[in-house]
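Coming up is one lone chain in structure tokens, specifically the form predicted on its own.
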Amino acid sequence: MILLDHVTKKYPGDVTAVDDLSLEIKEGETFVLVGTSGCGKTTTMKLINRLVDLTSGTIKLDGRDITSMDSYSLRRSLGYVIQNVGLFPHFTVERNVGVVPELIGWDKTKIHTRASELLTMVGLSPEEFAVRYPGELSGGQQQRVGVARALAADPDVILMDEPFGALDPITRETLQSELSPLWNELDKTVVFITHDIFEAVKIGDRIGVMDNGKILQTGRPADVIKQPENETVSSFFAQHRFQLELLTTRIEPLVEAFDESRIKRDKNTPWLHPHDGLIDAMDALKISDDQKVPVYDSKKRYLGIISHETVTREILNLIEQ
């Protein structure tokens, strides 16, 4: 889907922001670039949507060299979400969501229908929020509108540059949990940038660790944490290694068959997604009444349960490794 081949970006003064970077991002995956400030993450994303130009190398989107594409058409074909959202303050929420569809010629009825559909999808009631202005929204609500805007023209690729960086921890965690399954459900290819290692391993199907403009290692979060290829990668995760292992050990293979009708459920009953980690299971089990938590997929189909006994056994296995 996205191929970067020996990509380099240099700025005046011989400053190298991205250094001979080669990377393939697969269709339908959420790929997270993680690294400290100044490592080249944001420059890499800006190269993908041609906000800055390559010094050398090639970037292809679905097999097409992006330098052969009109830059404005390219950007309109990509969803883009940034940290400070960038909503137009004098536009209503509905008009903000409909900016790109309006630019590419959709009629007002189609834009209204699409905006209502997307606001519902990101957890905002169209009846309540469509006519509001950005200044009337909380930071988390503005970020949800930003996500809806990025999805408005139904792009195949979503670029997200530190989208939750300015939010408080509770709102940030809520959006991480709610939006990650959404990408899978919509079958979008997502390129996500963050300096937060917990955010990276929680939402990424694969992660790429960057330093000094180079990709040091790519792979599934659990594999990168448990099998770092060099000392720099190892030290990047070292301080929080055990917590990260709890977060990246997915519960999917631990789901047990159980008759759904026997689960005691009310509006406060916790539930889990198969991509959740052991740490999520621990939190859910703390508030469960019967030592088990139901597991549902992104389409709310029941898969089974996670038990206290299974989670405890798995944690003990991690401690002993």
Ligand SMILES: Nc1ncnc2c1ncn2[C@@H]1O[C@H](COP(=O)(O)OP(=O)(O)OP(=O)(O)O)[C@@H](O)[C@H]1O
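From 1 onward, residues are counted along the sequence shown. In this text, all values refer to a predicted model and were calculated from it rather than measured experimentally.
Not on display, but discussed next: the form predicted in complex with the ligand.
With a 4.5 Å cutoff on heavy atoms, L303 does not count as touching the ligand in the predicted bound form; it lies far away.
Among heavy atoms of S288, none comes within 4.5 Å of the ligand in the predicted bound form. The closest heavy atom approach of Q83 to the ligand in the predicted bound form falls within 4.5 Å. Proximity of G38 to the ligand in the predicted bound form falls within the 4.5 Å heavy atom cutoff. Residue E162 is the only one of E162, E199, E94, D205 with a heavy atom lying within 4.5 Å of the ligand in the predicted bound form. Picking from 254 to 262, 56 to 64, 274 to 282, 40 to 48 the stretch near the ligand in the predicted bound form, with a 4.5 Å limit on heavy atoms, gives 40 to 48.
Using a 4.5 Å cut-off on any heavy atom, the residues of 1 to 35 that reach the ligand in the predicted bound form are, in sequence order, Y11, V15, A17.
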